[in-house]
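Only one chain comes next, encoded as structure tokens, the form predicted on its own.
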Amino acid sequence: MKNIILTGDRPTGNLHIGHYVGSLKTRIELQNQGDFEQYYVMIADTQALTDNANNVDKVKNNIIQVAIDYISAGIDPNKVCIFIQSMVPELFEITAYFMNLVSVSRLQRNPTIKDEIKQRGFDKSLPIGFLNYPVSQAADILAFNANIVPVGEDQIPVIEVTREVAHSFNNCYGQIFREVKGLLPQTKICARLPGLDGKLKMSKSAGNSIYLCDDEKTVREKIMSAYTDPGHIKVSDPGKIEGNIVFAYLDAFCRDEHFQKYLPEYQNLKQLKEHYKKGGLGDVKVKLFLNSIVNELLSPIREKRKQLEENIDDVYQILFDGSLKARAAAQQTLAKMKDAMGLDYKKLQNK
């Protein structure tokens, strides 16, 4: 059986360059390789409500923005099924069955959940839906019999829960699900791109991001304000690479050909780093180089976004058609699950 791929994002804001190098670039590469039976990209609106229950408009209004980001960046709806989570109600019935296979203590030990509970201030008042979202994600993945899930590094513990759920279900009711593999970006920096402030990973909620929809002027302003080495005061001062956000972004985005176009006095990033560490290279010059690279990446995405925004009804139709296709697949999986569990009561009529 060929690969079935599933991935997605929460619609709590536009996607940023951390999403791009963290998973979106990998998704596009997989799409273009074509080595799959089915490929699903989910806009996880229901999951977004687990910590935005009092701000439904934020989630609802960002669904179309995330869809535009996907298509602008290179996701092809002719090859990939893009759908809205809440338009596939079978996912929630599957989640209910899976909840019986996972303990509360197991979810509480999940390092991703623990970190996000602290970030959102849920220590004393934790919504059940938020604690349970790894089980919901397991349902999202297994409903489509997906075995490849492109993710960022922080989602690997959630993939572990999915594998455990699949194993438990197969043990209890018979072999239905296959092994799931989380597919990480090729480099560590891409797996967890830091924010502009140098304190956290790039995040929509932290306000430390460069968005795929940012215009050229905004990108330049953000890059020029990015955290570097606070001890690198004069151009002549030796500079530190470690913890320097500009060099972290260069590690993620820079290629040798960028030097030929924008900084020909250097052959590669190694030479640039060595000069910075010795002293004699200013932060402004390095930031302007990064600005050229990032704006080169975002320029075709901006152009495609403009076209899509002028034909917004077509984007909604892509989502509606994709959701119907996804629902049909989830219905098939749910029917197999209920048959294995002995819950297909229509069969009793024939006995």
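Quantities reported herein were computed from a predicted structural model and do not represent experimental measurements. Quick note: we count residues from 1 along the sequence shown, nothing fancier.
Omitted here: the form predicted together with ligand ATP. The next part is about that form.
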For the interface check, one of 229-237, 173-181, 204-212, 256-264 should have non-hydrogen atoms within 4.5 Å of ligand ATP in the predicted complex; which one? 204-212
R120, heavy atom within 4.5 angstroms of ligand ATP in the predicted complex: yes
Does at least one non-hydrogen atom of T333 fall within 4.5 angstroms of ligand ATP in the predicted complex? no
Considering non-hydrogen atoms and a 4.5 Å limit, does ligand ATP approach A146 in the predicted complex? no
Touches ligand ATP in the predicted complex: P134 (any heavy atom, 4.5 Å): no
Give me the residue from V165, I94, I71, L193 that has a heavy atom within 4.5 Å of ligand ATP in the predicted complex. L193
From V161, V151, V80, L272: within 4.5 Å of ligand ATP in the predicted complex by heavy atoms is V151
If we check ligand ATP in the predicted complex, which of the residues in 1-20 reach within 4.5 angstroms of it by a non-hydrogen atom? G8, D9, R10, T12, H16, G18, H19
